[in-house]
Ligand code: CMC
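Just the one chain here, laid out as structure tokens, in the form predicted alone.
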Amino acid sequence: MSESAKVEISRGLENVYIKATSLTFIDGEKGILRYRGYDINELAKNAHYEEVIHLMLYGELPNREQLSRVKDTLNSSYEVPEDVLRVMEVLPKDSEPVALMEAGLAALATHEKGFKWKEGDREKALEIIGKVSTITANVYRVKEGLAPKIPKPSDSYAKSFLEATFNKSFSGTETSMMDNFLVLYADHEVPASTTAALVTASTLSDMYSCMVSAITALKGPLHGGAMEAAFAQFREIGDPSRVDEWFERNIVKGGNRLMGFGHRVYRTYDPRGKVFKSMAETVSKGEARKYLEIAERLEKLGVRYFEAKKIYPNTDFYAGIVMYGLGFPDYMFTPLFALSRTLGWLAHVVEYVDEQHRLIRPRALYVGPGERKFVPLDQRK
């Protein structure tokens, strides 16, 4: 029996466990998502992003003193070297937004000297979270032709980010929406981007390089681009009165994928999606309200059509409407995903290196020709 007949390949590594984790629990059948035991709905309702940062990096929700230390570290970490922002500025304005993030983080990696894992790695993670806020804000500013801006220290990571991005003040409700977004997208076990970060961390490369690996994986439309793709459907439909006709033509008869529906893990409604729907109902006005009405009508048709296959809305279906309602153009949706998921990427790589480090080196099953003799060039037919 050949080797290929004995080995079963797991394409996509579906249901292959590559690490143990105490960070995130998912029950795809029941629609449960927990960070270190806390239900995502409770965290989204009650906890600020800084509290979740402490929870994920240090294992527990912080007391007031611990929370103050987290905020102080973030506030002192927004500054980045001038050359990092210059790198982003000189790149073409039509560069992909996530590629601008890659460039900014790769430039930060050039300043990383003497980092050693297990020596202040959680503090390094906090520093990076602060700097990613600066990088993300300036993706928008570069794309819009605005001067670079560093977030100002404040009592809220979400507030500092929003005000640096748009150079204006935001209401408490709007800041809360940004904060909730960051909490909801903070982690989701080991999807493609987190796996890419883990592979890089397993070589004991630096944390910024782990971030670059994660973001390059996130850029693909089957991962981080799903929020933007879902929102593009709403734009294409254009008006709530056209939803039924669009669905019949594109989904029922066309057999196209309904973006924002379905998930590799969940076989029921994504719990984050329910929170985002509620948020969209709060923040949406004007054109965003129109897109919300389109999405709600499209959801009803999609749930009815796909229910037998257990395909339901995921977190990306309504999230883009929330961010659009805050003023973000759709090209910023994936960078915003990366801004939030920075916490999950870093928490996972710290956990992996600290507790169960081993170089990740899978195998490939060879199915090519057997041994062949080299034939000189002038003897080949």
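Note that the coordinates shown come from a computational prediction; the quantities given were computed from them, not determined experimentally. Residue numbers run from 1 along the displayed sequence.
Absent from the display: the form predicted together with the named molecule. The rest refers to it.
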86, 140 and 143 all contacting the named molecule in the predicted complex, non-hydrogen atom within 4.5 Å:
no
Does the named molecule get within 4.5 angstroms of any non-hydrogen atom of residue 222 in the predicted complex?
yes
Do residue 306 and the named molecule come within 4.5 Å of each other in the predicted complex, heavy atoms counted?
yes
Is residue 262 near the named molecule? Define near as a heavy atom within 4.5 Å, in the predicted complex.
yes
Taking any heavy atom pair closer than or equal to 4.5 Å as contact, tell me whether residue 226 reaches the named molecule in the predicted complex.
yes
In the predicted complex, which of the stretches 204-212, 235-243, 249-257, 110-118 has residues with heavy atoms within 4.5 Å of the named molecule?
249-257
The named molecule isn't shown here, but in the predicted complex which of 352, 345, 337, 35 has a heavy atom within 4.5 Å of it?
337
In the predicted complex, the residue from 177, 294, 311, 196 with a non-hydrogen atom within 4.5 Å of the named molecule is 311
